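The chain below stands alone and is given as structure tokens, in the form predicted alone.
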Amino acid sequence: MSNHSPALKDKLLFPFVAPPNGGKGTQTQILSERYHLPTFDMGSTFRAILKEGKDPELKAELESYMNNGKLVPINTVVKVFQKGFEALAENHPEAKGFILDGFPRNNEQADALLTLCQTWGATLSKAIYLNVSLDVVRTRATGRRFCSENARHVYNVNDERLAPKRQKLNESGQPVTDAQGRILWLCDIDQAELIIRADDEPQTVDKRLLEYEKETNPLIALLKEKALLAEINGEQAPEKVTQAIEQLIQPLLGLTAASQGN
């Protein structure tokens, strides 16, 4: 692995920090496309390693942590991050900067990133923190339902805007429930049964949020101390969150509101 990546010289890095189901994926996708900021997604990178299985030892190590909702150790994380991120930068030499999704997640990772930035000649411009209460993200997660035939059809029974319209009924016309007494729903599009993923089960959600608090609260404090944190109210409507982030990053990218995305 190279210790120096010319492709990252003078680039701006924008890490995103948010709790699980805090809206990070939605915002990073919009901003990446609108401002031509390629996104390095740590979660997707891990999943690719798990799916491809090119490194059985690393795959087994990642599975032992991710399947239990735990964070991956620092040495493994940095190794995966540096290799994958340098490759992304080399593929996008025209980009002014990059969005980091899922890195850093704690103080050790932040220190590693700052060290790498010095090596690369890159700048950690601002870490964008979507502040969403744990009660809100818990409600979002436990209400999420996926179509069993097409996972792109996603609903949320705890949000009127995203709720499915049809319950699954038995022969007597009564709602069918699962083993926990939760009503089963059908996809609005193809009428397939909606399912709850393991990550969205209440006990798993609570475990992930406890891990998040333990790791991320010190990170937020560290980034704030170093004047690298930009806090955004993540409980606003998604378009309002986007606008708030745009007001922050446009000047950093040398853009005005009139020239955004150009």
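Predicted, not measured: the structure shown is a model, and the values here were computed from it. Start at 1 and count along the sequence shown; that's the residue number.
There is another form of this protein, the form predicted in complex with adenosine monophosphate, and it is not shown here; the text below is about that form.
S.K.: Select, from the options 218-226, 192-200, 232-240, 27-35, the stretch whose residues sit within 4.5 angstroms of adenosine monophosphate in the model of the complex by heavy atom distance.
M.R.: Going by heavy atoms within 4.5 Å, the stretch is 192-200.
S.K.: Of the residues 102, 84, 164, 97, which one places a heavy atom within 4.5 Å of adenosine monophosphate in the model of the complex?
M.R.: When adenosine monophosphate is considered in the model of the complex, the option within 4.5 Å is 102.
S.K.: Whether 47, 109 and 208 jointly form a contact site for adenosine monophosphate in the model of the complex is the question; each needs a heavy atom within 4.5 Å.
M.R.: Yes: 47, 109 and 208 each sit within 4.5 Å of adenosine monophosphate in the model of the complex.
S.K.: Give a yes/no on whether residue 186 approaches adenosine monophosphate to within 4.5 Å in the model of the complex, heavy atoms considered.
M.R.: Judged by the heavy-atom cut-off of 4.5 Å, residue 186 is well away from adenosine monophosphate in the model of the complex.
S.K.: Report whether the minimum heavy atom distance between residue 124 and adenosine monophosphate in the model of the complex is within 4.5 Å.
M.R.: Because no heavy atom of residue 124 falls inside 4.5 Å of adenosine monophosphate in the model of the complex, the answer is no.
S.K.: At 4.5 Å between heavy atoms, is residue 66 in contact with adenosine monophosphate in the model of the complex?
M.R.: Looking in the model of the complex, residue contacts with adenosine monophosphate include residue 66, since a heavy atom lies within 4.5 Å.
S.K.: Would you check, heavy atoms only and a 4.5 Å threshold, whether residue 113 touches adenosine monophosphate in the model of the complex?
M.R.: Residue 113: no contact with adenosine monophosphate in the model of the complex.
S.K.: Which residues from 73-87 come close to adenosine monophosphate in the model of the complex, meaning a heavy atom within 4.5 Å?
M.R.: Just 77.
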